[in-house]
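In structure tokens, the next block holds one chain alone, the form predicted alone.
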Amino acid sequence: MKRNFLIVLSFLILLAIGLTAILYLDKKDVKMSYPSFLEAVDRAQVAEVIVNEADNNTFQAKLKNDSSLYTVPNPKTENFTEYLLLNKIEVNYGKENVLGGLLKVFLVVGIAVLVFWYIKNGQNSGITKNVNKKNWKRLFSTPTKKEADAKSITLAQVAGNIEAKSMVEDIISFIQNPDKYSAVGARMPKGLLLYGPPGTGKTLMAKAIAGEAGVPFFAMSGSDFVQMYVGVGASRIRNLFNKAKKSDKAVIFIDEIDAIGKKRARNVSASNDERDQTLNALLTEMSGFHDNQGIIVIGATNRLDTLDEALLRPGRFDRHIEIGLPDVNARKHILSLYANKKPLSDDVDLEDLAKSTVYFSGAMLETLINEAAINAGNQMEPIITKEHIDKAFYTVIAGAPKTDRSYITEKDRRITAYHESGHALATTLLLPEHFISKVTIIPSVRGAGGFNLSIPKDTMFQSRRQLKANIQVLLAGRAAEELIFGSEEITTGASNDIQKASRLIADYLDKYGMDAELGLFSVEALEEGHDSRLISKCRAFMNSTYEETRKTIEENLPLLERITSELLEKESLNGTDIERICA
């Protein structure tokens, strides 16, 4: 109703501006000297004189058969008016068009009403500098794009996450038909918290809930509430919930909710008043919902561990639903959804591609298909082939390969080849269940001199043997360099491997409790920081594991030489090549 009123008011204001321009701007105002005016009077050419009482220094004259309005200096003589009347000239005092006056009044009143509404509803506070710009954009528009998109998305378009979809189906039924749940005394959950890695489809799931239920979808990001002025974020929370409450049923979606929902500091000096007030407003609004009102709040985050406990308790976000990385069947479904819109050749096997994309999120799979389509377009080919898919696959993983490699010396090529061969050999010996997809010494635009891609099997767990073998595979590149070139010639190429191995060792010892001496206690539970004993244990474990890895590579040095020799010749090898060499 308010939106329609504002649309009509805005139209009338524009119409008033147009009519005022026609009435006043079309009249030409030309200066005329007083002698020229007297000469025109003598010739009986003057039809009317308008004396402006506010400015008695000039008067305006209208000539017969002339639409221009002439401004003439006022002589200010006592008998000037009598002189005009004797010459049969009409004299008016500040008289203007009635319609023009009404238009001016309406124009001023209309603009005042519009500004007042904007200030009142933009922030509902006295800080006019920070009026919510989104409200201004929405005044003259139909439902937002996010609201329109949500209505067209259903759960059928959400591939994978079977458990997550089953957990939201009763929520959708609750929104559509709350009476059957009220009959047995059930209360509708007030909030859903979707958490998981980036790109797994949390926003898509929220839109699907609104689309299946057929209710309005109000979406904002947590960063939209964060401002430097205290109270602005809390006001925006209230505005969002008030807008949703105008609908009998609705879905409120807050993306990246950790921006406003982080744990509140225990001491005053470390607290953030603006963020705390915004969080308090969110908690209050969620508690103020009536049971079975038909409004559900959905939050999404990648950092569940950082959220405040008051936000996670029952009665606020009642259900926590993990939106995880897709399994092999879900990946095949996602690839099929995106591939159906693009022409694929017969040599593209989506089932094999799904098996090769372990740990890919839904967003990465979409990027993979899109990059393949771009590759086909660049080559002016009408269909997407397996070659395009393979090129896109390695672009997503490691970045596009560098075309100019003339600056790379032969020594650098040999160092890179031995380094990547060490990774490949350790994978073959220690993790035979992994499939080596590609080993290359072609540098990428992301700064990698080469890379080694091995694909693990889909599994729910990793054993102690597999964890340790993964650490050894990461250290195998440095071990191969040291064995071939000596300890004084090892390079910085293993820096990223060392960082990954260090994180994995910390998890191995502390998070997963794989060390008998440290036991099952996790230091992460302590807020004071890291335990010095754990750090020394990690260093000792890293050194001993590196020695084991170096010994393993040394025992299989002929295989390392054969892999390196062929890698230098071909620059890239696949899993079949590695199996053949190591047979």
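From 1 onward, residues are counted along the sequence shown. Keep in mind the model is a prediction, meaning the values are calculated, not measured.
We do not show the form predicted together with a small molecule, though everything after this point is about it.
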Sort through 389-397, 423-431, 402-410, 153-161 and report the only stretch with a non-hydrogen atom within 4.5 Å of the small molecule in the predicted bound form. 153-161
If the cut-off is 4.5 angstroms on heavy atoms, which of these, Pro456, Gly214, Gly199, Gly513, is the one near the small molecule in the predicted bound form? Gly199
Which listed residue (Glu90, Glu366, Glu169, Asp507) meets the criterion of a heavy atom within 4.5 Å of the small molecule in the predicted bound form? Glu366
With a 4.5 Å heavy atom cut-off, would you call Leu204 a contact of the small molecule in the predicted bound form? yes
Could you confirm whether Ile334 comes within 4.5 Å of the small molecule in the predicted bound form, counting heavy atoms only? yes
Residue-level question: is Phe435 within 4.5 Å of the small molecule in the predicted bound form, judged on heavy atoms? no
So in the predicted bound form, does any heavy atom of Gly261 sit within 4.5 Å of the small molecule? no
